[in-house]
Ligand SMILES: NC(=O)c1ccc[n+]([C@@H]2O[C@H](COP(=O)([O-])OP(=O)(O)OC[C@H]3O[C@@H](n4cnc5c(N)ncnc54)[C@H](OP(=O)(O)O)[C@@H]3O)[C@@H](O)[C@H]2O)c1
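Below you will find one chain, with nothing else, as structure tokens; this is the form predicted on its own, and questions on how it binds or moves follow later.
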């Protein structure tokens, strides 16, 4: 894999997480990362002193080979259109929810190679899941380079374009769903332990449960049945959740998140 310069547009939570993870794994030198961020340049330099801060988005694009666009989907089309000529013969990677690959292609010059990916926040700790759309226009060399880059941050899955939105909910929204559930369980313990003790119990139990599911190859429903002995304490709680239709509520929450992801892609992408 040949060396290249990586440009990052935006230094929000995901932009920072991707940079932190790639540097942690030693995938790229800090000096080979160029960043343009209108509001966070000072904090970015504190985090990574050898990173190159560019004065404008156009300067950044002109200085690098691969542009990782970490801006909000609502402004992504305008940003890409403004940079359309500068992006000629470059690789553009978008992490914007809802913005489809065909929209990226429509916004860019035919010489620009585009890739749509959806990473989750765990890339910062090298345990992320990154979804890559099969509809990309990268040549084999650049695709392999980008795939290796995201593999350094965790698991990579190549999926159909029309499944990217629901996939982004399963991988991107699920961490918040899990955290919501864990916080609710913590509240249910009525502070009988210190917060540190409670969180340690919860986190270690979640890690053990995931390991158990992976190693035994059983489904979540089968695990529920194994844990719930007749007339035991667990089945009492599960029965209450089912009586309150929590399964239906969670399924509806997933559909709501998917609908919102699709709505984020309903922006004007005409040249």
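Remember, it's a predicted structure, so these values are computed and weren't measured experimentally. Residue numbers count along the first chain shown, from 1.
Not pictured, yet referred to below: the form predicted together with the ligand.
- Though the ligand is absent from this view, in the predicted bound form it lies within 4.5 Å of a heavy atom of just one residue from 166, 121, 126, 185, which is 121.
- Comment: the ligand is not present in this chain, but in the predicted bound form one of 71, 106, 156, 135 has a heavy atom within 4.5 Å of it, namely 71.
- You can rule out all but one of 108-116, 94-102, 191-199, 137-145: in the predicted bound form, only 94-102 has residues with a heavy atom within 4.5 Å of the ligand.
- In the predicted bound form, the ligand sits within 4.5 Å of a heavy atom of residue 14.
- Proximity of residue 179 to the ligand in the predicted bound form: non-hydrogen atoms within 4.5 Å are absent; the residue sits far from the partner.
- Although the partner is absent from this view, residue 26 stays clear of the ligand in the predicted bound form, with no non-hydrogen atom inside 4.5 angstroms.
- At a distance threshold of 4.5 angstroms between non-hydrogen atoms, residue 22 is out of contact with the ligand in the predicted bound form.
- Residues 36, 37, 38, 39, 40, 70, 71 are the ones in 35-71 with at least one heavy atom within 4.5 Å of the ligand in the predicted bound form, listed in sequence order.
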